[in-house]
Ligand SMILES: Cc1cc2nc3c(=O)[nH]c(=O)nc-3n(C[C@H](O)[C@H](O)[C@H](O)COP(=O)(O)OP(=O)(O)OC[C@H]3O[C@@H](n4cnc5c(N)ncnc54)[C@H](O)[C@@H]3O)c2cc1C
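Have a look below at one chain only, the form predicted alone, in structure tokens format.
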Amino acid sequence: MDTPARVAVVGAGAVGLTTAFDLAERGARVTLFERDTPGGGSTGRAAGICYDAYAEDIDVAVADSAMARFRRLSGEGGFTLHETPYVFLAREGDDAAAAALEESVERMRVHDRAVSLVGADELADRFPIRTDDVLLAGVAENAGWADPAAYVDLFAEKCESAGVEFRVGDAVTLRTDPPGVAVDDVVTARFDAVVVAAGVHSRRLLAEAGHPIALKPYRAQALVAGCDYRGPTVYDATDESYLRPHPAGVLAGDGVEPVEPDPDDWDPTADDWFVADALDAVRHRTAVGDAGESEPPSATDPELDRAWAGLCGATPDRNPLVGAVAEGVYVAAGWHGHGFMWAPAIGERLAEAVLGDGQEAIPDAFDPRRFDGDEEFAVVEGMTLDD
């Protein structure tokens, strides 16, 4: 279609803000609706891990362009991409995880990813982490971490400079024939296109407009602890836990809870069992020593700074839902925890699709219409070895 006179974006997380800016930069008149505060949803609770270590070509293409844009943005305002290798490992005795790791690395290398397989000794020589329990590890070089809040602040400023109108605090309802947004079910504004990037709330908004999507919320948890950690980002496939450097010491999290929460009534505080398990995982992995010693390395003593829970969105096939659900109505949701990581690339591609530069900007595998919207499926965590 011709460039729309007006486009509404619903949701001011990393994906919504990026999409709004990229639309405005391409000439659209953009109104951004956010019922709470920009970045106050899933983005504000994200781990901020970034990498291109994927085994599927579609994922590689998106992640590669996202990493390139993160680097271009680094240094703008208060945003910084901290270049840090990403280590994913299998422990001794976990032959299945080691086999999956080896296969994944082989597939990543087919797509020219800078990833290598290493054993415990080589891992210990390179990084200040515990390795005496490691069977096999992969090291991805094109990786890092960033503060999601700094990204939100940067893109909020960029949106304002580009002329995006912010409507913060408005509860909206979709209108799809023609595309529009009703504020508090009273005032309706018509748009040439509407982009729904409201995280797990996208399901309700679209279902109420008659366009159900295959999206299921799940709860994930993370914490920040004070300790002297200067190592890489680490994903322990055996323990299903991860950690990365943080200005306070370390940020750590684990897998998913298989229970579907009510996205409008859920507990954002971390559970006691999670805090205990995550601190144990930090103590274990940040205990530095030489691989092969008869005695395990001495443990660190991380001190809890803060802990929280957040909501992520899952889909039946672990691919996100990005693209048109109806004429002039688009969605961007279902990230399995990778929304922040992919935001720089998705915003650009979605803006191109909305403004008629080609739906081919978005992979067919992301088309939200590939599902009926009433599928039953189990949640699979976002950080796995078969990405």
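Predicted model only: the values in this text are computed from it and were never measured. The numbering used is simple: start at 1 and walk along the sequence shown.
Although not depicted, the form predicted in complex with this ligand is the subject of the following passage.
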Let me test this: is every residue among V7, P179 and G323 within 4.5 Å of this ligand in the model of the complex, going by heavy atom positions?
no
This ligand isn't shown here, but in the model of the complex which of L89, V194, L243, A197 has a heavy atom within 4.5 Å of it?
A197
Taking 4.5 Å between heavy atoms as the contact cutoff, choose which of A278, I213, V172, V105 touches this ligand in the model of the complex.
V172
Given 61 to 69, 315 to 323, 333 to 341, 22 to 30, the stretch touching this ligand in the model of the complex at heavy atoms within 4.5 Å is 333 to 341
Exercise: G41 in contact with this ligand in the model of the complex, heavy atom 4.5 Å
yes
Contact test in the model of the complex: H201 vs this ligand, heavy atoms, 4.5 Å:
yes
Using 4.5 Å between non-hydrogen atoms, is Q221 touching this ligand in the model of the complex?
yes
Against this ligand in the model of the complex, would A46 count as a contact residue? Criterion: heavy atoms within 4.5 Å.
yes
Just give me the residues of 14 to 37, first to last, that have a heavy atom within 4.5 Å of this ligand in the model of the complex.
A14, V15, G16, F33, E34, R35, D36, T37
